[in-house]
Structure formats: C-alpha cells, structure tokens
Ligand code: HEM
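Taking the form predicted alone, here's one chain by itself in structure tokens.
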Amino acid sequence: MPLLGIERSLTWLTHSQSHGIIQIFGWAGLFVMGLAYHVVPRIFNRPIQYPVPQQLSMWLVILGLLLRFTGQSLYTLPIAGLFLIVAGILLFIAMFVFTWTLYGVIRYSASKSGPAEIWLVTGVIWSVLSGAIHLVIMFRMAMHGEPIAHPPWNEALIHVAIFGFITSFIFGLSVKAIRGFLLLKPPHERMNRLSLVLLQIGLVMVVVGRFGELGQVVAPVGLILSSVGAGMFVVALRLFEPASKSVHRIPIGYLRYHWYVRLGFSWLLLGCVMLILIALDEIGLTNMVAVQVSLPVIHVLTLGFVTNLIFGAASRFIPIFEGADIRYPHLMNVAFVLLTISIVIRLAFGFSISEIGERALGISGASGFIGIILFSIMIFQVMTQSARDAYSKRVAAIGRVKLEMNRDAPLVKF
C-alpha cells in the first residue's frame, strides 16, 4: 500500500490488525501446533490417543482466521460483526481442542517437572488463554460495531500469544531438542526456573493492566518482567557458549540451521531491550523511544525471533521427521539473507513516517516475502517421496561403506 501511494486510513489499521493475528496464529501458531503434536508425546512419553483433533484444530484455526480477516477488512458489510463473532468462537475452539489433546498426553505422563516439560505445560495453558482473549475482543468489536480491536486489549493479546503461547513452546523445544542438536552445555536450571516465573508474572500483569485499564504502571511493569524473564532464558540456555563436545552424525536437514537459531535468539534479546525502554517511557521514568517504536519491536519479535526459529527448527526437524534429504540448501542461505535484510530495513525505517521510509518498508515486505517463499519451496520439496528415496539411498550407501571398512579392518588377537 505505501508503494502504491495509498494513504494511511481506517482500512490500513483494520488490515494491519488482521494481518498481525494471521501471522501470530496462522503462521507461527500452526507451526507450533504441528510441531507440538509431533514432539510433545515423545517428550512426555505418552501417545496421542485420538488423531482426529489434530486435523480439527488445524481447520478451525484456518476458518477462524479467514473469517477474522474478512470481517475486519470488509467492516462495512452488514454481516461483518457475525463474521467476527464466529471467527472468535472457531479460534477459541481450535485452541481448546489443541490444549485438551495435549492435556491428555501430559496428564498421564510420569515426567512433568523437567525444564523442558514445564515450559511446554505453560505453553499449553497460554494457548487456550490466548484463544479466550481473542474471543472476548471479537465479541466487543461485534457488539459495539467497532472495526478496530480495542488497542489495550489487542496489545495484551499480542503479548500473550507471542510470549505465552509461542515463545513457551519454543523455549521448551530449545531446552530439549535444540540444545541436543547444538551440543550445548547443560542449562542453568535455577536461572531457567526464574525466567519462567518472571515471564508468567509479567504476562499476568500485562493482561490485568490492559484489560482493567489500571493506569500507567501495572502493564508496563509486566512488560519489563516478561522481557527480563525471556532474556534470562537465553542466558540460561547457554546458546552462545562453545559446544560441550563433538559428535559425528549422518548429515540430514539444513546443516546451517544454527545460523537461524542463534540469530533468532539475538533478535529476541534486542526486542526485549526495546520493550523495556517502551515500558520505562510509559511509566514516565524516561523519554528515550519514539511512539512509533511499537511497530518495529513487534516485527523484531515476530520476524526476527519467531520466524528465524521456525526456519531453523523446520529445516532441521522436518527432514528428520520425514526421513528425507534437502535438495536445495542454497535456498535457505538466500532466505536467511533476505529475512535479515527485511528485519533490518523495517527496524531502521520504522521509527518515523516519511516518503523514503514508506518505500523502504515496502522493500522490507517484499524481501521478507521472497524469503518465506524460498523456505516454503524447501519444505514442500522435503515432504516428497523422491526426497525420502534420496535419503534412503544415501544412508544405504554409507552403511555399505562402513561394512566394507569393517571387513577390511585387521583382526586383533588378545
């Protein structure tokens, strides 16, 4: 829209809000849900008894988001309010089905107190709470005939969905799986638990402060606590310390996935610092950050942190799940560059509105979109029979070579 010269108006705001919800629940949310359905039963060592809810929750999310986008973007339609109410109901049911399905796994598991398990449990809880908050917002918009979600409530929803739902799952998988893949040293358990507590307290304060409209203290303090908690987790994970050991494995997946993981957590740290500065400004203790920083910080968290972690985790996990080869790893190299360019441009030109800045944001959007297209090509290619056959042949060839080496090795007599 900026590149086409369309002025900012109510349509811009309705589109931006619905776009953000689709990115959070559709892009990041569906990926987290799919990964959770696959990984959580293995972490808790309990199977999912009924496979139907998995597909049901997926389609409910899709339908709910389509109705949300239609009802809010086409707010002049007589049935726009009905679309919003149905969208809220469907998304809440989707989150409830997702939560109830994983609750059936967690409930009968013998292990619930590990550092990864606790994060996953909190992620399950916040997922259904985020659906409930979205439902309340949709009912308010429909009842009052408002095309725009109430800003304080919408802010609470964004932070609950990003930090409570999505980030909790990312942290849980990081402690369990990513730490193993990167051969990180054991995490600092006390710091990990403290980060968990701070993040939960902070999110509760954000929700209570924004929904109760309790002045300029409660919610900002919640932002500070949740940001400090998220930053402490990165330190507790010991992500930027040298690996504990070296292991020789059969290469599978995108071998530079650690680029995405480490850069993603770096963006998280930057986003947390920006949130703390915003909160201090709102309290009135400082006057350091422009009001427009709210737009860049959300993209730092969603594009910089969440999307980089999705790219990195997917390029490593999905080939393992599928038993398949990545045919075009160079696409992920290009996607890494394009995604980084998109975030840097959005961060650099998102603090003020100008003609040059508008065009730069358009370039940022195009760069990020092309990066996502390249990632999608790689992922869809992995989920093909030819990719599975290629991996099977490569593993069989490695096995034959090792067998021949063992045969040729001299016998040792004792």
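The structure presented is a predicted model; accordingly, all values stated were derived computationally and were not measured. The first residue of the shown sequence is 1; numbering continues from there.
Unshown form predicted together with the named molecule; subsequent notes refer to it.
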Among the candidates 302, 101, 340, 192, the residue which, in the predicted complex, approaches the named molecule to within 4.5 Å (heavy atoms): 302
Among the candidates 116, 298, 232, 198, the residue which, in the predicted complex, approaches the named molecule to within 4.5 Å (heavy atoms): 298
Residue stretch of 30-38, 362-370, 379-387, 44-52 approaching the named molecule in the predicted complex, non-hydrogen atom distance within 4.5 Å: 362-370
The named molecule contact at residue 154 in the predicted complex, heavy atom, 4.5 Å: yes
Residue 324: touches the named molecule in the predicted complex, heavy atom cutoff 4.5 angstroms: no
Residue 394, heavy atom within 4.5 angstroms of the named molecule in the predicted complex: no
Partner proximity in the predicted complex: residue 239 to the named molecule, non-hydrogen atom cutoff 4.5 Å: no
The named molecule in the predicted complex - contacting residues of 167-206, heavy atom within 4.5 Å: none
